[in-house]
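Below you will find one chain, with nothing else, as structure tokens; this is the form predicted alone, and questions on how it binds or moves follow later.
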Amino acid sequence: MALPELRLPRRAGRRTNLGLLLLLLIAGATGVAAYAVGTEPATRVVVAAHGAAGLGLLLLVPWKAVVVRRGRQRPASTRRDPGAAIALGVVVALAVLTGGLHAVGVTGPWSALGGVDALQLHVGAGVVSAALLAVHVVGARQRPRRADLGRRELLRTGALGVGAVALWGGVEGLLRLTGAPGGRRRSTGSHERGTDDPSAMPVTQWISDSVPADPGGSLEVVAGGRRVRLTAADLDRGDEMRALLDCTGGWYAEQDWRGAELDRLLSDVLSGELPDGGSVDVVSATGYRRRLPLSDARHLLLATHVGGRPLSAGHGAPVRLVAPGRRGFWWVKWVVRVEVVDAPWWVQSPFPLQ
């Protein structure tokens, strides 16, 4: 016996599209936020919302299939060009698939794809889908209606949200129950790579940044009108810190770092207490830079060693910044300059442009 065909009322097609749009917007926003947030409990909330939004898209696939089939039954003269919609569907499917592969622990990289891993594909698909979504929404020419915020629609939206969260929770529980690698990943979604073994820790850079041929052998500290040049040996003061590096490449590692605590170093240069306000610019030999609140200096370390050994070139030798609680792109490598400035730390690009 053939199964009865799923039929939707006309308004259900609009509700399905709005549900998909809402989930895609949440997935995009939380995906960006996941790169910026590095501390609990914010990481757990953001990553959970991202995963639930992505899996929630699967709940609407049967309804969207009916909408698509119904659209094909229209006269050819009234149909819109489906090219953007098809491309959007393919790219979103790729984003969901690669995000799922990274979550369960099938991360790559894959030599057949030029060394690209699952998370890189996921992020790339997310960026492309954002552009395609904008094109598709403009082409659809649907305008908000007062009924979209009605009690019934809000209840349906709430039910979709509950279903998405339940699906995400079920997948996470299954990963933990089966002992899959994904069940052991950090709240940021990162997998452990090389804890207490710096040689096993991946060497990664932000976007176009690369290991410099000559990172230099000294560091300039500028504070309060004074300039002091220090060598890596000067910075090996024996200050130690155990800190977890959580890279936006999808991995993390906890190591013992050694070097000079930034607040003590700056206090020595200033010959006294640090000012209450201001920021500190940390600049790399490559021109890469990040600005942090000066009040965070007591939690920061200029490291020359990791795991009891000098830093390797790939991991930032001769000096790199250790910034606990911040994602990897804040951990500036190949540091050549540290400067106390009056400008607020947040007056910079949220993510490095290099």
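Just so we're clear, the structure is a prediction, and the values are computed from it rather than from any experiment. Start at 1 with the first residue shown and count on from there.
Omitted here: the form predicted in complex with a small molecule. The next part is about that form.
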Review point. Heavy atom within 4.5 Å of the small molecule in the predicted bound form: which of Q120, S267, Q205, T157?
Key: Q205
Check your understanding: Thinking of D209, C247 and W334 as one candidate spot, does the small molecule come within 4.5 Å of a heavy atom in every one of them in the predicted bound form?
Key -> yes
Exercise for review: Decide whether M201 counts as a contact residue for the small molecule in the predicted bound form under a heavy atom distance cut-off of 4.5 Å.
Suggested key: yes
Review point. Using 4.5 Å between non-hydrogen atoms, is S295 touching the small molecule in the predicted bound form?
Key: no
**Study point:** Any non-hydrogen atom of G314 within 4.5 angstroms of the small molecule in the predicted bound form
**Key:** yes
Review point. Is G307 close to the small molecule in the predicted bound form, meaning a heavy atom pair under 4.5 Å apart or at it?
Key: no
